Every structure is written in C-alpha cells, then in structure tokens.
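The chain below stands alone and is given as structure tokens, in the form predicted on its own.
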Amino acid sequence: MSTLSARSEDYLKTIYKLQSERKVVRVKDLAVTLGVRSPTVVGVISGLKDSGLVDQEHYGYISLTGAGEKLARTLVQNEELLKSFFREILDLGPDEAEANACSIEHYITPTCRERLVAFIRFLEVCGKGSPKWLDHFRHFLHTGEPPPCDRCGEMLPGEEKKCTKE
C-alpha cells in the first residue's frame, strides 16, 4: 500500500472526509479536526505535496490529487472494514471498534493489513448466513465455554476429549 507515516495517512483520510463534507479544506479545518496546531498541519501538508498526494491553492484551500484521493479512499475503506470486523465479529462497541481500527492499521505491516482486509472482505462475501465456526466463536466469546459438538451434542472442553461420533 503506502509508505507514508501513520500521521500522513491520518491527514489524507481527514482531508478526504472533509472534502466530501465541505468541498473545501483549509489548514484551520485540519488543525481543528485533528486537534493540532496550524504549523503542524503546514509541515505535514508540505510533505504530502512533495509526495504528489495533495495540492494547495495560493489562497489556502487544500485538495487531494488523483493519486491522493485514490490512496485516501483505500485507507478510509480499510479503516471501515476494520471497524466492521471489530464490531460485528469481535462484538466491540462502536467507540472501541473505531479506536482499535485507527490504531491497528498503523502498527501492522502493509502485508498483514492487506491480508486482514482481504479476510474481512472474504467474511462479508462468503460469510453470509454466519458459518458454523463464527457461531461457535460467538458462543465461546459470550460464555467462555466451547459450544456443544455438532456431531454428538456433548460439550467438549479441552483438546483431550474427542467426539464420540468420530
């Protein structure tokens, strides 16, 4: 994916989101949204301009280039997929899911991020009707106990106990 810093990726996503809401983005908008000072924004934007990901007009408006928009869209989609995974699969609340999605995307390798996103997409496409293993995981998550065996109906705690129907 990208070799940008976590901070630069966050700026791209924020510009992308603000651009879709307001059409124009200024340094002040980014500073307020990201909770930083304007000089910090100017420094990061300068690096993003050098990378060809953003443009800044003489009157201060910031916009994504074609490459910047494409990358930002991918980053936003990946973050949304991670949030969905944390909410729907791991059963985290919305705030916790969002905090974890934002954190984890920056601290795993690009290959790991791509594979995790691919796995989540796979679950969305192929997991309709909730596969048995996912139902079993949810049962375990909420009870702390393994679910009954699909074959014999007995609880199978630990690896040493085998199904009587095998």
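Numbers for residues come from their place in the sequence shown, where the first is 1. Note that the structure is predicted; figures quoted are calculated from it, not measured.
The form predicted in complex with the DNA is left out here; the points below concern that form.
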- line: Within 4.5 Å of the DNA in the model of the complex by heavy atoms, the stretch out of 96-104, 110-118, 31-39, 131-139 is 31-39
field: Partner proximity in the model of the complex: Leu123 to the DNA, non-hydrogen atom cutoff 4.5 Å
entry: no
field: Contact test in the model of the complex: Val27 vs the DNA, heavy atoms, 4.5 Å
entry: yes
